[in-house]
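To begin, one chain is listed below as structure tokens, in the form predicted alone.
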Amino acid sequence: MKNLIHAELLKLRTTRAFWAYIAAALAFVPVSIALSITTASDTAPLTSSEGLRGVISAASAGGLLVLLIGITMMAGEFRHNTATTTFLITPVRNRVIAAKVAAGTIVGLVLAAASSVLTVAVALPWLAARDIDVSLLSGDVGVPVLGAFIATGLAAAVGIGLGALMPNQTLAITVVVVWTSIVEALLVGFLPEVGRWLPTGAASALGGTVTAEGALLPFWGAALVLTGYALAIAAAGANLLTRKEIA
């Protein structure tokens, strides 16, 4: 298994699209911070716990891109016609899925760490310039950062499962981007009683994002919901892949 994980990480490191995803994720961190600070409202001012967590939630900015990396790791095998070779070398397909999930999770955690450091480095001086003092040890920093690690780490497993369920990489990425950015975002905003139970709603709760309705799940409840989605989607993808005939 160790060799399989190393092989998956090597595939990622030698793919230009992977580095483009990483660069985009890190570039979005200061953008997210700027949006949170400049659009702070009276209902969640920057001096409040909700406002501060909304700013630090930028640490979760790479979640969607890690999900796309997961899709690429799995669906890319079919797009580039390497699936046959991969499964000939490792006939036990569940081992391949497990290695991909492990490698993707490592990438997610490393990206979450980089995003968290960048978030703190950008957000705290910016807030200090506005006479808002924030301690690194406060829950308003620690909770969103911990949530970023959980959400970003689980995103890879979700992406790999979706890549197995939808081996057409372009279709899978399109469906995911539309669903998370439009459909789920609307549900979280307008039907929070439904949206809070969906993956985007759970990830938002982990990241410390504030909604107008304030109806997201509590932190650990959101962690359990998102973990359940990740396990279910990854298991469904693995089950389909083990029964699928690959030419």
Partner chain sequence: MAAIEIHGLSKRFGEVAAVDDLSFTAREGAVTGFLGPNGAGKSTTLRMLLGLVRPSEGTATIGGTPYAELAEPFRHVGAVLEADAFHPGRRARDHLRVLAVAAGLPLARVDAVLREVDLADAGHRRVNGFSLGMRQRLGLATALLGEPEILILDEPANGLDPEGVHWLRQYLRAFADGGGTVLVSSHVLAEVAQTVDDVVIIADGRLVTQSSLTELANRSRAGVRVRTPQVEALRDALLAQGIAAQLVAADALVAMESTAEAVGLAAAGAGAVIYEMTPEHFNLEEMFLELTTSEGASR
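Numbering follows the first chain given and starts at 1. Everything numeric in this text was worked out from a predicted model, so none of it was measured.
In what follows, reference is made to the form predicted in complex with the partner chain, a form of this protein that is not presented.
With the partner chain left out of view, the stretch that reaches within 4.5 Å of it through heavy atoms in the predicted complex is, among 124-132, 148-156, 77-85, 111-119, 77-85. Using a 4.5 Å cutoff between non-hydrogen atoms, I89 counts as a contact of the partner chain in the predicted complex. At least one heavy atom of T15 is located within 4.5 Å of the partner chain in the predicted complex. Using a 4.5 angstroms limit between non-hydrogen atoms, L10 touches the partner chain in the predicted complex. With contact defined as any non-hydrogen atom lying within 4.5 angstroms of the partner chain in the predicted complex, the contacting residues in 228-245 are T242, R243, K244, E245, given in sequence order.
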